[in-house]
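Before any questions on how it binds or moves, here is one chain, the form predicted alone, in structure tokens.
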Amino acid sequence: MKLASSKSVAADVHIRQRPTLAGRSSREALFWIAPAALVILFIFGYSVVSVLIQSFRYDGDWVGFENFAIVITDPLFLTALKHNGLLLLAVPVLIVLAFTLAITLFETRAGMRFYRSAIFLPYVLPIPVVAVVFGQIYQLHGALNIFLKSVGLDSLAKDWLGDPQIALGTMSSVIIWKEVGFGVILMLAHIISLPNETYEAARIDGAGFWRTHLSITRPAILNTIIFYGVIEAITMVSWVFNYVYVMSNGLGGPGNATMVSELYIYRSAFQNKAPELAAAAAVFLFIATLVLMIAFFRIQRRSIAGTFNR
């Protein structure tokens, strides 16, 4: 009886100490990250507040929502937003490609390290370098058309960057080529951490390649897939400036075929000398990015809830 009583007392003390230790570790973690968090908050917070204030002014005078009205009725800005929306169509393509390559690498044991490095290499290359190289490849007399003509596919040779009908699609193919490696590494790392027993049981039950990975792998790494989708959606909305600027010589051409919101902000601020309109457009872009993040995280929350309800 005394032994049992002492065990129960020890357990009670351990239970009481656990929240205390957890609280102490949380406070210590907060103490260590506070300086970096304050610096980041100051830099980004000051920038956002400064841009927001500037968007309501003109030549130092308060003009209310006039800058927003000018920007939202500008056909060029609406065209830029449309192109950003079209670039979002590349996100499902990126997810499917990254998932397919990840499970293929997972099943390809021999040489996986080499193939993994080869797929990830484009992601670590500087965007201007990638844009310059593909700009040369996609020229009317560039390497791609020379190759197509050499193999008798002259009908497929096009002015990839000079034709307004296909210029944006051409540019999106470059973005896909560069960004897919990030998703492959993310998903592959998660897949490798999954228990092998599940896959062995599926193979014993006679499940094929696609059925195994669509029924087991995809639900298991759904959070990673959604996270990758969020990152790439934000990229398509607000991180494609370097591609467009380098490959179109800063014009968003041909015509306005590759004009995007970031390039519109840049041209408004530095070429047209209208920083207030650029600030208003930047606020619109910030809101669009924020809405995307909220929407995707809600999808993630629902998917997690659905997984647990099963």
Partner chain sequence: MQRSKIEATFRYLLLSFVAFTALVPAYIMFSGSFKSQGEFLNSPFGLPKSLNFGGYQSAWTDNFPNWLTNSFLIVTGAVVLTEILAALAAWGFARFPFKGRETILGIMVSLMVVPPVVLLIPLFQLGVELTLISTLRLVILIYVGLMLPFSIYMLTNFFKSIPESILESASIDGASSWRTFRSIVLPLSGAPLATLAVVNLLWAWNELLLALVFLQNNEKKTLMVGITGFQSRYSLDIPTVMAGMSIATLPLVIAYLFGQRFFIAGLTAGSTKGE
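Just so you know, these numbers come straight off a predicted model, no measurement behind them. Here the rigid core means the biggest group of C-alpha atoms that line up within 1.5 Å when the two forms are laid on top of each other. Numbering follows the first chain given and starts at 1.
From this point on, the text means the form predicted in complex with its partner chain, which you will not see here.
- The three residues Gln54, Leu125 and Pro275 all sit with a heavy atom within 4.5 Å of its partner chain in the model of the complex.
- Screening 195-203, 79-87, 163-171, 98-106 for residues having heavy atoms within 4.5 Å of its partner chain in the model of the complex returns a single hit, 98-106.
- Remark: Pro75 does not count among the residues lining its partner chain in the model of the complex, judged by a heavy atom distance of 4.5 Å or less.
- Residue contact with its partner chain in the model of the complex: Ile175 places no heavy atom within 4.5 Å of it.
- Put simply, Thr217 is far from its partner chain in the model of the complex: not one heavy atom of it is within 4.5 Å.
- Within this chain, Met236 is remote from the site of its partner chain in the model of the complex, having no heavy atom within 4.5 Å.
- For the residues Val63, Leu251, Ala69, Val48, the 4.5 Å heavy atom test against its partner chain in the model of the complex is passed only by Val48.
- In the model of the complex, its partner chain lies within 4.5 angstroms of at least one heavy atom of each of the following residues of 262-290: Glu262, Ile265, Tyr266, Ala269, Phe270, Pro275, Ala278, Ala279, Ala282, Leu285, Phe286, Thr289, in sequence order.
- In a rigid-core overlay of the protein, Ile53 has its C-alpha displaced by under 2 Å between this form and the one not shown.
- Fitting the two forms on the rigid core leaves the C-alpha of Gly255 displaced by under 2 angstroms between this form and the one not shown.
- Annotation: Cα of Phe65 displaced by less than 2 Å between this form and the one not shown, core superposition.
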